[in-house]
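Single chain ahead, by itself, as structure tokens, in the form predicted on its own.
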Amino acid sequence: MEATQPKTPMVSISGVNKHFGDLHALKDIDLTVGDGEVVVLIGPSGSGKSTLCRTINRLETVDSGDITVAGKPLPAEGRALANLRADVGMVFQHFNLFAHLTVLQNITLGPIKVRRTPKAKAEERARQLLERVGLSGKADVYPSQLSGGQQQRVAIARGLAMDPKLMMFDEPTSALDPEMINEVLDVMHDLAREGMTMVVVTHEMGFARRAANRVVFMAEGQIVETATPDEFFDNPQTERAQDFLSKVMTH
């Protein structure tokens, strides 16, 4: 029997290097993220995880190497880059909501301005998404009236409102109080179950174990180890990963 052709990967990163002055932040990174796959990047602070995440929608440029999203090379600038960013939802550590806009306005701004979605349709979709993230009563409030966990769930709804091909999460819970972390992780876990392609930078090992298809462990700008969650957490292959896990899993 002939092997079926694999689907075009959602993200393909090949030979990527990035420097910040003398710091070699990313060293010859090769990584592929399949359509519908959840890849969780973990590792010590300063290992390059967030930088790698930010190169995928060109919030950081690279010094060398190639990145494609949905089979297309990353555009340098202009409308093509804006279109790419519309296809790649991004949720940051700090929620980056517009303080002067209501929750509903925050979510509909992108679809109306970038996707040219009619206002009524954008608002209907926004209300559906608010219900999905457990905030159906919050459409008309301002971000300052919400808890951190609620703001982050609005940020997720805002990303989803663009109907992205890929959702990126850069330490989405690290600015939250402990009791708010699970309400955000639960929404992300639901997305993962529904088949959303996701790249997640996180320190939440329980989420990595439950939701990831693959764990990518980074240290000092390099990918040290890639494995399924069970393989990685139960039997890490490298001393660097073993050392990292012994520190984070004991608390």
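From 1 onward, residues are counted along the sequence shown. What you see is a predicted model; the values in this text were computed from it and never measured.
Missing here is the form predicted together with a small molecule; even so, the following discussion is about that form.
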Want to guess which of 47 to 55, 29 to 37, 209 to 217, 186 to 194 is within 4.5 Å of the small molecule in the model of the complex, heavy atoms only?
47 to 55
Among the candidate residues V11, V16, A25, A241, which is the single one with a non-hydrogen atom no more than 4.5 Å from the small molecule in the model of the complex?
A25
Given that the small molecule is not shown alongside this chain, does E123 nevertheless sit within 4.5 Å of it in the model of the complex, heavy atom to heavy atom?
no
May I ask you to check whether D87 falls inside a 4.5 Å heavy atom distance of the small molecule in the model of the complex?
no
